[in-house]
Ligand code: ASP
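To begin, one chain is listed below as structure tokens, in the form predicted on its own.
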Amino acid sequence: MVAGIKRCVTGILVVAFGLIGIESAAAQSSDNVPPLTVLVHGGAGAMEEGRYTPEEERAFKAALVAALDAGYAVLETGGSAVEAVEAAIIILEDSPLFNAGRGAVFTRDGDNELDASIMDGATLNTGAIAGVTRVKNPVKLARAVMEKSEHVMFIGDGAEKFAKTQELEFVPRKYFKTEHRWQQFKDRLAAEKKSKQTQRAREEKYGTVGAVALDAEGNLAAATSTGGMMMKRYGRVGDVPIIGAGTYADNASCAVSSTGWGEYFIRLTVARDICAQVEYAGKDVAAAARDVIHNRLQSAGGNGGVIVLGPDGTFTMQFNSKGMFRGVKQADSSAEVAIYGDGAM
């Protein structure tokens, strides 16, 4: 890895057959206490260098840094990993740059439908929501499901009725609309009508956002939030709210947040598989993530990526797409972020 992360860990860039991942080596501090850590992602996909202007790159990176700083500030003041991932996700949901919260993509019917999930690695307690349209910060609702109900997942109108009982902030549907996303929707709709095809482009940008964290008590947490797949129909739900596919956290293994072609992440239970390989096969987080992303997911025809954090502070960011918005902040270091698949942070 580059110098910024070397202040905390010894970094390794893995490049094999064009598939790229970022990983850390042993990350424990001199007194053998794992470092406070936050990782975030803002989606993976067709993001080869040159796709964005320098100004756009700076905006994306600034948003990632703000999310890392928000999550780390929680940890630094004694907050929990759950609180940290929620704080980081809120920053990304509020940004119009990512496909989550404000800035979410449009469905085939011209609506915004939002999904989110969160998991506490200390208790294995989880919360998830799908298909909400008016809750400002879906991750807050997912956490409320986890902590204030006996259930794991609520959907649609039911989820929003529950949100009202928790006095969460509601916004008009137009809040989520950005001109950039609306133009994307109109362009895709026009192309679909012209070609008479409804199949989406195979290689595109997945703007799902996610965070994983390790707190001072040694507890892990993960959270993920998304606007789903552009032009989706019939109430389609992807991997994000499905625990074990898009999100998983267990102090016994690791914390994972995923981004990519959700159907494949569901079929392969990507997040849980990575943690299972750590727990049962004794792999480190990097080896487990490489196997799932660069072998199983790749062989199945899916693409995307994951951020993974172990209870010892080791981490990895693996993806088989051309790029992934990603970043890390650990104790005594500044936030480090990257977009493209060159391994630079």
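All residue numbers refer to positions in the sequence shown, first residue = 1. None of the values given here were measured: they were computed from a predicted structure.
Another form exists, predicted in complex with aspartic acid (ASP); not displayed. Remarks below refer to it.
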Partner-contacting position among Ala271, Leu214, Val240, Leu92 - heavy atom within 4.5 Å of aspartic acid (ASP) in the predicted bound form:
Val240
Want to guess which of 72-80, 156-164, 170-178, 232-240 is within 4.5 Å of aspartic acid (ASP) in the predicted bound form, heavy atoms only?
232-240
Is it the case that Asn99, even though its partner is missing from this view, gets within 4.5 Å of aspartic acid (ASP) in the predicted bound form, heavy atoms only?
yes
Within 4.5 Å, heavy atoms only: does Thr259 come near aspartic acid (ASP) in the predicted bound form?
yes
Partner proximity in the predicted bound form: Thr226 to aspartic acid (ASP), non-hydrogen atom cutoff 4.5 Å:
yes
Contact with aspartic acid (ASP) in the predicted bound form for Thr208, defined as at least one heavy atom pair within 4.5 Å: yes or no?
yes
